[in-house]
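Quick heads-up: it's one chain on its own, the form predicted alone, in structure tokens.
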């Protein structure tokens, strides 16, 4: 798989593993991270709220760094930062119930996506050579990837409004006092945020900085979500995935016995027609339970390089 990916650019090179819940994203992410750790310092970052990665880590993960997030804790930290920012920018809020304002932030739509976006920023700042990200379910992942560009457009507009406010304050100060030096913390923070999200957007849309890996299984809904992810990457990110992984492919005799052979062959042909590097992973006889099991995937993988 690694040869098909050919991760380039440094440092770090980020691999985002995307797919519907239950298709084996965590297993494929762990496998990729294990293989990349033989080439250089590697971080495996799990953004999966279900934290499926934990079952593999009973004895640690020799040779690589692993980070799992606690979504609730991360949301609370973001809410706390927003509270501090609001207090510094709008002291008058202290006269009101700031807790109520923070509850609105805490439970507003997009809180999870904000956490994941901040984690993406930290991934690109990592000192590792490679970062493999086990993403949340497809819908949340695609919304998160779209946020950086939306944030930049939104911040551009906020900066325009704030610059007019600062210019007006400066004019008034010059008129009334004859001279003025105005430092606006809100405007400085907006500039900083715009630079952060512009930088993130450049990395997310750079084939040198980022590889996208789509994981699916030969079933209708996972295949549909794979197509949606593919369309999103092509239309919104102007990229195509480096690799598509068709996981849990049954041996033909088993698929025939279960009445699934025709459908499975159709999905295989569809993957081949994409003209994208792809890997076919044979269905394992038993569930994976440890890191050693993940290493055994090597003999179950067939990679096709386009």
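Computed from a predicted structure; not experimentally measured. Positions refer to the first chain, counted from 1.
The same protein has a further form, the form predicted in complex with a small molecule, not shown here; the description that follows concerns it.
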Exercise: residue 14 in contact with the small molecule in the predicted complex, heavy atom 4.5 Å: no
Is residue 64 close to the small molecule in the predicted complex, meaning a heavy atom pair under 4.5 Å apart or at it? no
Just to confirm, residue 278 within 4.5 Å of the small molecule in the predicted complex by heavy atoms? no
Does residue 248 make contact with the small molecule in the predicted complex, using a 4.5 Å heavy atom cut-off? yes
Taking 4.5 angstroms as the heavy atom distance cut-off, pick the stretch from 267-275, 25-33, 234-242, 66-74 that is near the small molecule in the predicted complex. 25-33
